[in-house]
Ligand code: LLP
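Just the one chain here, laid out as structure tokens, in the form predicted alone.
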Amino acid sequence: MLYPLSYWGWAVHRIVSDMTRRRQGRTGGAGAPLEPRLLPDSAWIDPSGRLAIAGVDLVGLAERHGTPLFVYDEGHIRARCREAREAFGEGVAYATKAFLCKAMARLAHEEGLCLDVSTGGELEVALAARVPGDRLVLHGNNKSDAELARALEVGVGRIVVDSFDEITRLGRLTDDAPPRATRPRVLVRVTPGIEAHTHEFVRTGQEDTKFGFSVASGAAAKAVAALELMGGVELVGVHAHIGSQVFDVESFEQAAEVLGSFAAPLGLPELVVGGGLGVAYVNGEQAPSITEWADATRVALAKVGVPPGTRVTAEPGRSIVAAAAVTLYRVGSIKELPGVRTYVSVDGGMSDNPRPVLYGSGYEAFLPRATDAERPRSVRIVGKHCETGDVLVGEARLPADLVVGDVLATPVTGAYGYSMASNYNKVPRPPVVFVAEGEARVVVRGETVEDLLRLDV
């Protein structure tokens, strides 16, 4: 059994453990242990293979809080926020769609990031966390009058304009509003025509998309002209976003060149390159760092004449929180189909992580009681929902001594797990805990049956 450790205690032990594993060469190949780099920064594996994060034992957490359970390394999140701020500077915004609760909003704000919100609901969570309105950036391809009016009321820092209909609505709302000391600042979202190498459902920079104004068709130039003529708003810059889970820095460079070529002649002070940086989810996968992404983007923008004084910012989300979390489950059944496969059923599923169903996303799995063990057993990890497609890990590898009742973990689940969770089959959404310096705190309580019935009339 592990007990809470000091920060330096688990940090030093983790360094020693990582060096030992590298010397042993125990990475790569079918059945190999989980690569430690897929775990949160503060992960520490004791000599028996048991895993702690920030000095908190994961098996013990599952016993105390139940499963499924999202566990976030708070220090990991803070480190990525600081890297983003260092790489992109003032104005860089955390994309809250990746994961949002009041604790997360406060953390990002404390670390100097703005918050990118894309609906009225995300806006209200940020405000409830006491994030000032001028530190928020409002997105959305179909903002309602109510959402725009609320943004104007609280003084949102930037509104990213996405359609000609929105320009009309903004014009009406600002014309009807009482005089303000400063005009609302807006960015025009453009589509650079770049097809990022990622899943088609999360590409957003190509011509055929619901987002933004096309540069190639001339719509972007028309939008800029319309906004410059509006007395009620101040056009301060151009925005683009090419997609999510993008591993190829070249895609970002191409988008930056198109965006920069369009924006440079306008002489606007701001340029936002969006988000979408990919992260490694499985053994052997590699992804650029936030710093590498920022450096490549700035070089590409300079090549096409974007002035060095331009405020170039971004909106990282996945790269801030994805690798910060693991999800814990309890194995409920192991069903062997001779000559076919073995199904391992856990007490969550597509309701707490729909990404495998939506995008065919890959994940690793391991037992936190034996984190660095070999994983020779090939299984399919499935949830408890009434869908054949309720698959969490299609081709998982686990230790040979897996048994019913084991705590099973999937790493790199900090982005688009809880935020896309549902109550399908009336399954309550799991709690979320943050761990730091040997302590765990619940930041989102688990839902109850009473919560499921609360809205019924």
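The shown structure was predicted, so the numbers you read here are calculated from the model rather than taken from an experiment. Residue numbers run from 1 along the displayed sequence.
The next section is about a form of this same protein that is not shown, the form predicted in complex with this ligand.
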property	result
Heavy atom within 4.5 Å of this ligand in the predicted bound form - residue from H76, R375, K97, H109	K97
Contact assignment for this ligand in the predicted bound form, among V344, L271, A324, L277, heavy atom within 4.5 Å	L277
In the predicted bound form, E315 touching this ligand (heavy atom, 4.5 Å)	yes
Distance check, S244 to this ligand in the predicted bound form, heavy atom within 4.5 Å	yes
Residue contact check: M420 to this ligand in the predicted bound form, 4.5 Å heavy atom	yes
R135 within 4.5 Å of this ligand in the predicted bound form, heavy atoms	no
Answer range among 127-135, 233-241, 143-151, 180-188 for contact with this ligand, defined in the predicted bound form as heavy atoms within 4.5 Å	233-241
Partner contacts in the predicted bound form for 328-359 (non-hydrogen atom within 4.5 angstroms of this ligand)	R355, Y359
